[in-house]
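First, one chain by itself: the form predicted on its own, in structure tokens.
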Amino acid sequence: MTLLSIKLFSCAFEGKKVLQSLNLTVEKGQVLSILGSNGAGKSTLLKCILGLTDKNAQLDGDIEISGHSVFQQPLLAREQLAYVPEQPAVYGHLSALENIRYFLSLSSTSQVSAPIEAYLKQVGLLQEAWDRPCSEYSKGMKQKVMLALALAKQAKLLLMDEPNSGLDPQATDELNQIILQCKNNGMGVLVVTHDVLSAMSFSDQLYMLSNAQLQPISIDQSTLTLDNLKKMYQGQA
């Protein structure tokens, strides 16, 4: 089942192409990661998938989430996804439980299939933290709240922006395992990251965004050398 379909999609600003004729699909139970240098267009691509493009952007092609066009059916498309930004967007004065209850009240999810506590356990947030204000949480703990929300919302597609930045090795490993859990639960996951090693550990496919285009790259340690990566980031491969 195709959860994300990007069809010949282009995005330009004042005539300058940032994304050009992109084709990409994310299937149920699949994790794709996109690498790319700063300014390559990764954040622009995420904004386009979220339907949050600048009004001055010139767009061509289409993006569909579970068959719903992001541009023609934005509300239906957004209902199918969850987004974890680089800096997790939770309310600091609310606890994990309160944040999830509040965000669910804003969505079309009228009833969750399990208690919220079950999702917090699933993502590994310690019970002692559930009722503490999120202002006391680390970045990794805030990410767990947002991932528990994604599970409670029964999102089909998960978007993650630089999820491993600022995490220590233990938190990074925990997050990587949660991403694999989401995959095993049938969720489609699209990750934008600079962390090549983590991406290799949980991704079914890697892509490099360079010169406004996506290029698939092999998840093979024998070919994914530092020299080859440099060439890919510079658009020379």
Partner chain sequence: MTLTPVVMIMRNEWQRLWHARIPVLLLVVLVVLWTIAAFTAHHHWQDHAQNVAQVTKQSQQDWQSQPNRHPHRVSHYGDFVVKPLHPLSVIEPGIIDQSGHLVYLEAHRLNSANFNPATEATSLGRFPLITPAMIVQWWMPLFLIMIGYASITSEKVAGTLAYMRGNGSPAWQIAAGKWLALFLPLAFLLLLQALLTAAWIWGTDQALLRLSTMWLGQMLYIASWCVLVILVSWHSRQLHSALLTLLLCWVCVCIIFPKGLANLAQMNHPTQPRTEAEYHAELKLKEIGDSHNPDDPHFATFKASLLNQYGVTRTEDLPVNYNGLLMQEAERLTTQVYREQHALHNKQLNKQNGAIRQWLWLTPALALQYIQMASSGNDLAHHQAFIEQSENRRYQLIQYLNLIHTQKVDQHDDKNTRVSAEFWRNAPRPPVTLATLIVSRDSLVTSLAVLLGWILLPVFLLYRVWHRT
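Positions refer to the first chain, counted from 1. Keep in mind the model is a prediction, meaning the values are calculated, not measured.
What comes next is about the form predicted in complex with its partner chain, which is not displayed.
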Decide if the three candidate residues Tyr83, Ala89 and Tyr102 all line its partner chain in the model of the complex, where lining means a heavy atom within 4.5 Å. yes
Tell me, please, which stretch of 172-180, 28-36, 44-52, 187-195 lies within 4.5 angstroms of its partner chain in the model of the complex when heavy atoms are compared? 44-52
Would Leu149 show up as a contact with its partner chain in the model of the complex if we use heavy atoms at 4.5 Å? yes
Ser107: heavy atom within 4.5 Å of its partner chain in the model of the complex? yes
Whether Ala118 contacts its partner chain in the model of the complex should be assessed with a 4.5 Å heavy atom distance threshold; does it? no
Considering non-hydrogen atoms and a 4.5 Å limit, does its partner chain approach Leu94 in the model of the complex? yes
